[in-house]
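Starting off, we have a lone chain in the form predicted on its own, written out as structure tokens.
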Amino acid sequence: MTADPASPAPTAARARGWDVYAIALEDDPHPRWGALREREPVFDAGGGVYFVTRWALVDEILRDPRHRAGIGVAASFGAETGLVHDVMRAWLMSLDGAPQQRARDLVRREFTPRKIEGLRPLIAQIADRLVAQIEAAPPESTIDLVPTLAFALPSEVIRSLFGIPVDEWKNGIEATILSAGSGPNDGITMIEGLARDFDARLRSGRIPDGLLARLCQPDPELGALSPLEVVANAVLLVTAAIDTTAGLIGNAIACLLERPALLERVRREPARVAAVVEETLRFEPSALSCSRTAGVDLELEGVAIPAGSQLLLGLGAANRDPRRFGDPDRFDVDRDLSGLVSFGGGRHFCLGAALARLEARVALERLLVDGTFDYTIGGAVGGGPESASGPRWQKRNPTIRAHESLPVVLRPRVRAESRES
């Protein structure tokens, strides 16, 4: 059966224990995470949930095959019943064993290194068009780089991969994402809306040539995804491809603009863009956490954890563990960046990691290295009392750290060679 469109969306209310997610919605959660990491690296949050923040422990748990997929994403949204719960329990990151391997292998066909690298011309073409639109604004204008680039680039890339016409995408998928507010139920409403859209396509047969059609194609050896699994993984691909990549792009831009000397260095040494993206993944990752279900009784840092408990792994906190990364609160593109846990690890390592990295690199190269403007963070976007007057972090999803708004003032770029003459 396909996902049941009549299933009601539940009221979002995180159960006891999962309330620890609320830290992630603060404008700067890193100090509190750091304090927890030093005081209680395995924090008993109650309700069978243990928040793990030390890098070595997070890395160990991610790679331990005894642990199963966790329920953290559904819990973060407060989805306990209904269509959204069914979708989140059927998508790839919630599966284990043979079902997980089958689904992963079927989805992975579309994300091989060769296929990702083959997308570079498409990504560059989209980035060129978006940055050209930004650069068409007059000097001293204020532009919000989230809707114009950070969100627009990954949205257009994944739209192209799904093969959905532009108008249908903007009026359907994209409108559903953009209309979601910051209230406790808005994340659930968004996921449900996306699921209904893809479910309707399956029911009507309106399946364009692209990712959705590929997800429907059985493998001679692996078999086929069920209709619910197709819908669930289509939703996962869209939300992961847009939310986390938009966050990475926006966070990387902000990290550079906040450090003018580093930006000048990157412009002199464009090869450093890759290191900027990697350090952003450590310093300000867009994916903040993941979860596992303890497969055995554990004792971590003196804390007894019964089998079946939920291990909430603080990826953002672990990436700033001074035991693994020296001077972790300093943005340093020259550091050893091996060991990042930003994309998870083990059999649930993110399939879209290479695509996210590539999109972020292309965006930074086109906007800040090859571009014609300098950008100063700040300014007001819009014309009313709700106008954005500075960077603003999204508050809808506690698993994602991304700018909801990143306004910048455009100023003609003064190139280094001009200053030296």
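When you see a residue number, it is the position in the sequence shown, counting from 1. The shown structure was predicted, so the numbers you read here are calculated from the model rather than taken from an experiment.
This next part talks about the form predicted in complex with protoporphyrin IX containing FE (HEM), which is not shown.
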Can you work out whether protoporphyrin IX containing FE (HEM) is within 4.5 angstroms of a heavy atom in all three of T245, G345 and G352 in the model of the complex? yes
From V266, I143, I158, A254: within 4.5 Å of protoporphyrin IX containing FE (HEM) in the model of the complex by heavy atoms is I158
With protoporphyrin IX containing FE (HEM) left out of view, which of M93, V131, I177, I188 would have a heavy atom within 4.5 Å of it in the model of the complex? M93
Non-hydrogen atom contact I123 with protoporphyrin IX containing FE (HEM) in the model of the complex at 4.5 angstroms: no
Mark F331 yes when one of its heavy atoms lies within 4.5 Å of a heavy atom of protoporphyrin IX containing FE (HEM) in the model of the complex, and no otherwise. no
Can M88 be called a contact residue for protoporphyrin IX containing FE (HEM) in the model of the complex at 4.5 Å between heavy atoms? no
Looking at the partner-bound form in the model of the complex, is A152 within 4.5 Å of protoporphyrin IX containing FE (HEM) by any heavy atom? no
Which single stretch, out of 304 to 312, 258 to 266, 134 to 142, 234 to 242, brings residue heavy atoms within 4.5 Å of protoporphyrin IX containing FE (HEM) in the model of the complex? 234 to 242
For 90 to 118: residues with a non-hydrogen atom within 4.5 angstroms of protoporphyrin IX containing FE (HEM) in the model of the complex? L92, M93, Q100, R104, F111
